[in-house]
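In structure tokens, the next block holds one chain alone, the form predicted alone.
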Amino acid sequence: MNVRELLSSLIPAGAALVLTVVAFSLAVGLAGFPPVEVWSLILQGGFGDAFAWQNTLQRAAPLLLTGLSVALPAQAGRTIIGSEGALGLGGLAAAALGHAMQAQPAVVVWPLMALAGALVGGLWIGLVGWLREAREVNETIASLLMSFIAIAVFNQMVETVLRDPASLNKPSTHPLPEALMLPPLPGLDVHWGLGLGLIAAVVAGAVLKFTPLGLALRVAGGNPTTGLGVGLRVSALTIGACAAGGACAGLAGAVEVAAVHGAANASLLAGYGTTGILIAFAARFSPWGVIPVAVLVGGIAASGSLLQRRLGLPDAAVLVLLGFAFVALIGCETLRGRRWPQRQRRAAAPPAPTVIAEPAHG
């Protein structure tokens, strides 16, 4: 990467960061809160000590997978924004399977729960990819509408056939027995979902960068006509990328059920799928880039409770901050690809001499 390409990548990101800081500082300042103290508490709550880091990584675990659920279809040129529904259905499938197999050993049930969540999520978003390839249905709109349908199905199942009769105030599926709850990572208070997310991101990035499949996917996504011309199965690659993204979202739902909630209920739909859109955009749809961005967003989310305790800011203030960041990122994408050094040199160069033609003498 030369200096020009580096500037082309850094300038939009830097501009988005500055705009986000300025906009959020103005917002909290107008609301009567000191911006400097707010930013200090965000850093302290997300990354200030070991406890803050563990809370951050706990929140980053599902965000890693939902970020991948947007980044992987983007490699095939498809914009998927309906991961929230796939996450819910994946968690629902995992909760139902875990309850049905509660008498089995955990080492048998955990992989099957993960597989069930990934399979359901993959099929759901894979259907969006098929609609695009077979019926030319816009995948962005289709994934959003499919997410609404998935959430409706989730609520219907939780409140009827899969409902635990003991869950009176908050409809929920039957809780998993304690033996089937995922343990934390050794030496940490963070569940194994973080490890799964890291493995998925690293493997996905390696496949895209170093394998013929990754090269074929990037060619198909960058220029489908060229892909067809060289004999690539563009439709199959596109549907597969969408299904892989959906599988990541479904796996995130399964992990949240097995490690955090212990059952499928409304708490599962906490906006992880929606936040994954921001993470994928900020990471430039790179699976490896998803890792630091998910940790950063997890830290911001983790600081919400500290802001509420110290300053009385609503916990949703961090959502406002993430919203500013998303709008700034989208807006600053227009700066990408501009040739700043050339323009500066052109502006500094002296004007070309004007040639005045002498009149002809008859």
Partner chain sequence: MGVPLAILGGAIRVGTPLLWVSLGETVTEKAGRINLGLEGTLLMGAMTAFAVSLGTGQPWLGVLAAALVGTVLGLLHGLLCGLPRVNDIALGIALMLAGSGLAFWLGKPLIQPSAPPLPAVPIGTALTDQPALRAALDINPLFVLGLVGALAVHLVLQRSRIGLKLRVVGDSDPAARAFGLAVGRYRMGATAFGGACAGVGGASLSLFYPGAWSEALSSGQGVMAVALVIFARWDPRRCIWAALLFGGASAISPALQALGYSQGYYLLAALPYVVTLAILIGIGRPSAEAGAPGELSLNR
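Residue numbers count along the first chain shown, from 1. Because the structure is predicted, anything quoted here is derived from the model rather than measured.
What comes next is about the form predicted in complex with the partner chain, which does not appear here.
- Using a 4.5 Å cutoff between non-hydrogen atoms, Glu136 counts as a contact of the partner chain in the predicted complex.
- Contact between Val230 and the partner chain in the predicted complex is not found at the 4.5 Å heavy atom cutoff.
- Shown alone here, His191 lies farther than 4.5 Å from the partner chain in the predicted complex, counting heavy atoms only.
- Not displayed here, the partner chain is approached by Asp315 to within 4.5 Å at the level of heavy atoms in the predicted complex.
- Scanning Gln102, Ser286, Thr140, Ser235 against the partner chain in the predicted complex with a 4.5 Å heavy atom cut-off leaves one residue, Thr140.
- Interface residue among Ile81, Leu180, Leu119, Val260 relative to the partner chain in the predicted complex, by the heavy atom within 4.5 Å criterion: Ile81.
- Contact with the partner chain in the predicted complex holds for all three of Phe24, Ala31 and Ile149, each having a heavy atom within 4.5 Å.
- In summary, the region of this chain contacting the partner chain in the predicted complex, judged by heavy atoms within 4.5 Å and restricted to 216-224, 252-260, 236-244, 125-133, corresponds to 125-133.
- Contact residues in stretch 270-284 (any heavy atom within 4.5 Å of the partner chain, taken in the predicted complex) are Thr274, Ile277, Leu278, Phe281.
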